[in-house]
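Consider the single chain below, provided in C-alpha cells and representing the form predicted alone.
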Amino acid sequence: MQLFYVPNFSLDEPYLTPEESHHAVKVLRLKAGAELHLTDGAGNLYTTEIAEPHFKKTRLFVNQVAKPQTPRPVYVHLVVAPTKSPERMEWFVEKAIEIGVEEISFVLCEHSEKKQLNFERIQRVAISAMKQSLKLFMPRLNPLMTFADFMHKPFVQSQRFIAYLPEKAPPMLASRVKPMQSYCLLIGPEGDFSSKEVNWAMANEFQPVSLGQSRLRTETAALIGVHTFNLLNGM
C-alpha cells in the first residue's frame, strides 16, 4: 500500500493537495479510477479512487473510511539541538518517525554551532517518513527556539530526562523509564549542554541520564532515546 497525506482532508471536498496531486499524476502517472489510500495525519485512513486527475488539484471519490486509529498509549517528545550537518538532522527525523515519536522540538543551546534550521525541509522529510512507514499520525514538529524559550514552556510529560556528560556518569536512561508514560528527552549539541542549561533543566524536574559509555553524535544519541522508549514499551 502506498500512502498519501492530506492534512484536514474533507469528505465534502475530497481533493489531493498540489504536492500529492503532482506526485500521483506526474510521477506515478495514475489515471482516473486508480485506487489511493490517504491519511489526514490524525489517525484516519481513507480508501479513495481518482475521479478527475489533475497535476495541481486531483479530485477523488471516497469509497471507504476506516475506523479511526487511536493514539499510542505512550507519548515520546524528543528535544534536540540541530547538528552542523543538515543531512544528519534530516536522517534523525526520518528514522525517529519510522520507529515512533509523537513530537520533536529543536533548540538552540549555548554551545550550538548550528544557528539555523531549514524547517520546511524537515517537514518534508517527516511527511515522507510518515507515509513510507504507513503511520496514520503526523508527529508534531516545533520550529527552532532558544533553550530559554523552551524552558519557559509548560511541561506536561510525566517523565523528563536530560542526557549529558558529567564527570560522574548518571543512571542509564533504560533504568529510569517507567512503562506507558509520556516522556521528554533533551539531547544537546556536539559541545554538550552548558552547566547553566543543565541546572535549569534539573530545576524543571529533568532527570540526568546516560545513553551508554560510547561518545555519541547528537543524532545518534537522539535516536537511541527514541528506540529506548519504544523498546521498553513494546512498541
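Residue positions are given as counts along the sequence shown, with the first one as 1. This is a predicted model, so every value here is computed, not measured.
Separately, the form predicted together with a further copy of the same chain exists; it is not shown, and the next lines address it.
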item: Proximity to a further copy of the same chain in the predicted bound form, single hit among Tyr75, Tyr164, Phe150, Trp91 (heavy atom within 4.5 Å); value: Trp91
item: Contact flag, Thr17 vs a further copy of the same chain in the predicted bound form, heavy atom cut 4.5 Å; value: no
item: Heavy atom of Leu216 within 4.5 Å of a further copy of the same chain in the predicted bound form; value: yes
item: Contact test in the predicted bound form: Lys95 vs a further copy of the same chain, heavy atoms, 4.5 Å; value: yes
item: 4.5 Å heavy atom contact, Ala24 and a further copy of the same chain in the predicted bound form; value: no
item: All of Leu38, Gly43 and Val62 with a heavy atom within 4.5 Å of a further copy of the same chain in the predicted bound form; value: no
item: Candidate stretches 43-51, 197-205, 171-179, 62-70, one within 4.5 Å of a further copy of the same chain in the predicted bound form by heavy atom; value: 171-179
item: Members of 133-153 lying within 4.5 angstroms of a further copy of the same chain, judged by heavy atom, in the predicted bound form; value: Ser133, Leu134, Lys135
